[in-house]
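Here's a solo chain for you in structure tokens, the form predicted on its own.
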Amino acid sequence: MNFYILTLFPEMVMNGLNTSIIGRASKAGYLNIEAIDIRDYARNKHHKVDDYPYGGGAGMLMQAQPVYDAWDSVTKRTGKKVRTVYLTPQGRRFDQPLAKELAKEEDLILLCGHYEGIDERVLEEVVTDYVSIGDYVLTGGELGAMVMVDAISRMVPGVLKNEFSGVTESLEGNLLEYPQYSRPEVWQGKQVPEVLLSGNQKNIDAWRLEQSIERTKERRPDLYQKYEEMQECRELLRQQKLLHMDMTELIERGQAELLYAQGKNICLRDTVSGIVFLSVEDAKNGKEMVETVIVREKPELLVIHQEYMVPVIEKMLQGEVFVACHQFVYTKREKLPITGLYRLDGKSEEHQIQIRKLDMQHLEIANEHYGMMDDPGYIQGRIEAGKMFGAFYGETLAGFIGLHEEGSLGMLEVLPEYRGRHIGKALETYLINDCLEHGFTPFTQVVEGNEISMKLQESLGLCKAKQKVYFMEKMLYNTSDL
């Protein structure tokens, strides 16, 4: 990811960002951070970039032209108009969902104001987002920009050594992080909680959740209220466990944003993919949700859990069903046996496959053989996130599978010359076991009519929901037609 910070104090920015995790990620090539000195674009010999504001008032104002020229230098290099954030107390409050959203950008410009601000005309010309890191006033935008770069960078694949570190911290799932301890076991008479020394991971996880809940309730009652609301939704959704596993897993993984909740009428947005999930009690309530929530949020992809809502949305928004799927869920907690399927010791045998993560050298072949995705950048993103796995004979790729952004197993494909060797079963077994290791419930959606895949799910012990889920796209959000 490329950060371009437009500032009057480039040394301040780079000195702060060239250290620790962010500095190492930059050196490793996961990030590119560049501070662009706005003074370099001043059109006078003294490099003056400020002047008095029209209408009077205290202080000086940054002029439009040097700011625009600095911004334009980036767009000329990238060949496109880059998303541009102006750091200002008047902006949207910066938070974790926004950090995740911005982390999806390939390029990002952060504009740092100073003095009394920046000429409004250039802001209207270049700025796409107005963002504040808090309700207080700083002397300039540099500290805010550094905060944003740090938070956003943690969401970029490869920046954190542990791929799950970014999703097990404070504020994920509306809970603060649990207390943590290191050596020695006793310090100044204070003992590490015994449960952490027990080695029983189930008990440790339960203790950590309990501590997170209590800490959030005490320190952030506003977050705790959101957590309670989400848990109430989770319990309602679990009344049809198989049908709603995609929605409950979003909640479990801490990547669900609650858009609407009224009884059994629930609407969630996945903060990673942006997909909106809809479950309603009847068509009347569903129509109300479309009018009040869906039109407002304007999702590109909508997942519907009741068949009677399909004609309703087709009529209201002229949406098209992209695909109807059967949802399968692995409900057991025991791992599947791997004997005869693949090796875990890294050794290679003539008729035994190895399974390991794909890297960018496999992108072309994955895009060539997986026909369900129109966007080739999606597969690239999943590879970069470490969520695509391949079956290999030596160095030869025979098939692959991946974990979608919202958590479902998918993108399973076995190359034609290797079919009939149980490679698909091996790949899905591997990914199911990997999900279980990380505390996730494995689930997948199989396109209606794909009998081969449905038989595979049944052979692996996954349970099928009685009702189908529908993926809808190409909605027209013209509220005058409602």
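Remember, predicted model here, so these are calculated numbers, not experimental data. For every residue, the number given is its place in the sequence shown, counted from 1.
The same protein also has a form predicted together with adenine, omitted here; what follows describes it.
Q: Is M373 near adenine? Define near as a heavy atom within 4.5 Å, in the predicted bound form.
A: Residue-level check for M373: no, no contact with adenine.
Q: Does V137 reach adenine in the predicted bound form, with heavy atoms at most 4.5 Å apart?
A: Yes, contact at 4.5 Å.
Q: Using 4.5 Å between non-hydrogen atoms, is L87 touching adenine in the predicted bound form?
A: Yes, L87 is a contact residue.
Q: Would you please decide whether Q255 lies within 4.5 angstroms of adenine in the predicted bound form, comparing each non-hydrogen atom pair?
A: Although adenine is absent here, Q255 would stay clear of it in the predicted bound form, with no heavy atoms inside 4.5 Å.
Q: Just to confirm the contact call: exactly one of 294-302, 396-404, 129-137, 268-276 touches adenine in the predicted bound form at a 4.5 Å heavy atom cutoff, so which is it?
A: Contact-bearing stretch, as computed: 129-137.
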